[in-house]
Every structure is written in C-alpha cells, then in structure tokens.
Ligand code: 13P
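So this first bit is one chain, no partners, the form predicted alone, shown in structure tokens.
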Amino acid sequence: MVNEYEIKKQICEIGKRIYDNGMVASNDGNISVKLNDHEFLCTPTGVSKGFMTPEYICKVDENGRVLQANPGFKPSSEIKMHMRVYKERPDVNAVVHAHPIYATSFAIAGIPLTQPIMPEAVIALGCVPIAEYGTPSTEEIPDAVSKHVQYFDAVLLENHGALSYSDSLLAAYHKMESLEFYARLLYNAKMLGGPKELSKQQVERLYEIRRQFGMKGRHPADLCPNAKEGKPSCHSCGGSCGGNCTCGNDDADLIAEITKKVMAQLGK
C-alpha cells in the first residue's frame, strides 16, 4: 500500500504537469486524492501547482474540515466540489480541476464537447457536457456538477474551467489531458472549415469496443440522458442535442431501463 507521503509526492508531480502544460496559471487549479471514506489529501489554496512540495498538501475529512495542515497552508476553497464528486461517485479516488486553455475556451463559449471526431476520444473520454456557472467556493458549483457526475467522467465548468475524476490520480490527470487535446483538435478543425465527424455506425462500433474492453468509469456507451426520449447518444447525435443534456434530471426508473438495455446488448 502506498503511504501518504508518496501520495503527496504524486500530487505535487501532477500539479507540476498541469502547470508545465499550461493548464493552469499562477495559483489556479486544485487536486485531491481519496485515502479512505473519511480522509482525503488536497492541494492548498493560494499556491502555484507547479512549485509544490509534499509539506504543502493538506488532509481533510469528507466534509472538507481540516484534519492536518502545516502552518501557512489551508485547503483549496474548491474542496466542496471535490467532496461532492466523492460522495456521489464511490468509484472515484482522485479529482483534478484545471483551466486548460482550449477546453476552458469552449466552456466560456458555451459549447460542450460532444462531436465525435477521433476514435480515442470517443472510446476513452466520451461526451463532455457543460455544468452551469456557479460562484467559486460556494455550493453552486457542486450542485451544477452533481447533475452530470453520474453520467460522465469529465465536465466543463461554464466560464470557469474543467473537472476530471477517476479511480486513480494518474487516470484523472490523463482524462484532463485528453479533454484538452480533444478541445484543441476540435478548435483547429473548426478553423479549417469544420470537422468531418464519425458516423453514427462508426461511433456505435467504438462504443462496443469500449464495452468489450470493460473500461471503468461512466460513459455515454453505457448511460446517456438522451435515451430518455429514445434519441441516439450524445456522441451519435452529432451535436443535435445542443449540449443541453439533462443528466441530473433522470430518475431511478430511467437509469434502470438504460442499464437493462445495455445488459441486453452485452447478452447478459
């Protein structure tokens, strides 16, 4: 089992990666890792993520209360957003929040990342919706993210940035990196006259590959809010949903119905 000091070092390494890759500026962004149901490590407020050392890292409980922090350091004010993800997604063990330039530009423009333009993004990342704007450090952002967290492993934050989460810190970071790469490709394709999207049939084949791989996380290949109205998944609709996904409004009966359909497709 990896000890806490090693996890703190990993957080610092990921912080340096997001800083060096231009995903944050100055003291922006925050990272957290789940130790157990009652203990979490997180980056402090007011420090550059590119220059952290293990003694910077704070420990909090599931309510964001400080359990341990060295003098001069206190948890990020965005810890509420992280805690909401952990509460609603027990499979998540790490959360990364950053402001990658291209992805954040799409968030500012109000454009979700739903266009299927490359196999890797379709299989690994899936659609990336936009959580409505909320005032930083308040419950508004956690409430907005909550509407999407059960259906996607990454979300854009309207006029703010991006959030990714997974079963490990490295996987959560990779999702952020993939998100930004996807956004950059889509932006460049739009500058060249518009992307040539994968067809519905091509997307469905990629979804089936994902199912066969047994990949973890939440993804439109398994659950999609558009299924409520019998429509194709977000990726397959070619953006016709306008990104107005109503993930958080689906009830338990809908989720059960979708799950039943997915299991039937898998022959189980």
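The first residue of the sequence shown is number 1, and the count goes up from there. No experiment lies behind these values; they were computed from the predicted model shown.
The protein also exists as the form predicted in complex with this ligand; that form is not presented, and the subsequent description refers to it.
Among the candidate stretches 196 to 204, 211 to 219, 37 to 45, 53 to 61, which one is within 4.5 Å of this ligand in the predicted complex when only heavy atoms are counted?
Going by heavy atoms within 4.5 Å, the stretch is 37 to 45.
With the partner left out here, check for me: in the predicted complex, does some heavy atom of Ser77 sit within 4.5 Å of this ligand?
Judged by the heavy-atom cut-off of 4.5 Å, Ser77 is in contact with this ligand in the predicted complex.
Look up in the predicted complex whether His99 has a non-hydrogen atom within 4.5 angstroms of this ligand, and give yes or no.
Judged by the heavy-atom cut-off of 4.5 Å, His99 is in contact with this ligand in the predicted complex.
Does Ser32 reach this ligand in the predicted complex, with heavy atoms at most 4.5 Å apart?
So Ser32 does not count as contacting this ligand.
Taking this ligand as it sits in the predicted complex, is His160 near enough to touch it, meaning that at least one heavy atom pair lies within 4.5 angstroms?
So His160 counts as contacting this ligand.
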